[in-house]
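Starting off, we have a lone chain in the form predicted on its own, written out as structure tokens.
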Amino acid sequence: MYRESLILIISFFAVSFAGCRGTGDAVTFAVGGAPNEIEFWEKLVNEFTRQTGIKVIILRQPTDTDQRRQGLVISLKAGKSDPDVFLMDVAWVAQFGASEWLEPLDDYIKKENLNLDDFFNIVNLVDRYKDRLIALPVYIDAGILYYRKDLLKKYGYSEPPETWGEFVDCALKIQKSMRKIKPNFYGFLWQGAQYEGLVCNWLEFAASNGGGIILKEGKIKLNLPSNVKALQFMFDLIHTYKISPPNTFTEMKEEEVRISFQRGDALFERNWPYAWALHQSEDSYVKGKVDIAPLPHFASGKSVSTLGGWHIGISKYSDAKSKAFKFLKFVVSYTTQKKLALKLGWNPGRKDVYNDQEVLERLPHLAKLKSVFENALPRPNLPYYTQISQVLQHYINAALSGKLTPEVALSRAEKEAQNVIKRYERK
């Protein structure tokens, strides 16, 4: 299946790039997403061309994030001049930077007087590699807690619980009562399947207990008491407290969680901000019944959200770098970021847009998200993060299924992750 997908990706990009030969001064922009997102990008591209006279050709990527990454890697490894500019998941930026595939932006920023203070500090945490600016944020994500405000109120809660202990008590109480009406009602839905989203969830649990991925002087620490406790708690949510469904570790990704919550099948949901607009749609059972809050934390810790989102960069191999930067600047401009928020519900990479009154009137939840984004936890800014993540996905999921104890799972994960680091450092 993987081989067939890879062949499709290679074929897709070969056809796309072949079609771009002879485009002259045009800028090629690789972007994926849902059909409505691509449609809006086409409108933005046409607007940019009207303003500047610079033609932009969209290279449409697959919707699947992993396939989008594979497609870009194939092109960049080959040193192709197209695409000139593209969107990257936040977790790819360091890898692309370490591979020297990205054009440094510092000189362009100075020349165009682009003020980096208008952006979140994510620019310094994620978009720099070896003191060079290599990308800018377009869309910011972070894990948040969705909750049924109508049910909390009905059962005597004025606010969602702040600690995981209080959270379990609340979920158990309401789940027990709701199951008299809806037998398949659950207290808490989250992403536990074996993929990158599981690592994001685990980081939030672990960091809210003072743990996480500890890197120091080429050594990685995962098998920490704080991490073991967090992973045990994740297991208990499914198997002991049973407030999360048994298919959490086999099937639950973002959309499976979102759809179930939107049907009215759960009290709490951990998801990304994209789910907000969908929960408020006309066909949503929970429309008008949902609110958001920071994720809970362990008694001795604090709320933590894993940073996600998409960043824009320019290929080192681009043959239209100056024009590509003009397009990049257009994408991260106040006007475009505001349009992406209003039309697509995207969370702007610019923090100044969160003070826009029209945006706040249409998207009032952004006021709460701003503080979450300011304190979001990025995944390790490592060129080999993808390999580390794959190790974590395997062992965390094995612990959730009960195949390994949390301590054994993290011990093995630590050993294999250390081997990844050693292999990379020998190169």
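Heads up: residue numbers just count along the shown sequence, starting at 1. Note that this is a predicted model, so its numbers are computed, not measured.
The discussion below concerns the form predicted in complex with a small molecule, not included here.
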Discussion item. Just to confirm the contact call: exactly one of 112-120, 308-316, 275-283, 234-242 touches the small molecule in the predicted bound form at a 4.5 Å heavy atom cutoff, so which is it?
Written reply: 308-316
Worksheet item: From the list L267, C200, V126, I134, which entry has a heavy atom within 4.5 Å of the small molecule in the predicted bound form?
Response: C200
Fill in: Heavy atom within 4.5 Å of the small molecule in the predicted bound form - residue from E251, D89, D169, E162
D89
Worksheet entry | the small molecule in the predicted bound form reached by all of E204, F298 and N375, non-hydrogen atom within 4.5 Å | no
Worksheet item: According to a 4.5 angstroms non-hydrogen atom cut-off, is R69 in contact with the small molecule in the predicted bound form?
Response: no
Worksheet entry | Contact flag, D141 vs the small molecule in the predicted bound form, heavy atom cut 4.5 Å | yes
Worksheet item: Is Y195 close enough to the small molecule in the predicted bound form to count, meaning some heavy atom within 4.5 Å?
Response: yes
Discussion item. I'd like to know whether T65 contacts the small molecule in the predicted bound form, with contact meaning heavy atoms within 4.5 angstroms.
Written reply: yes
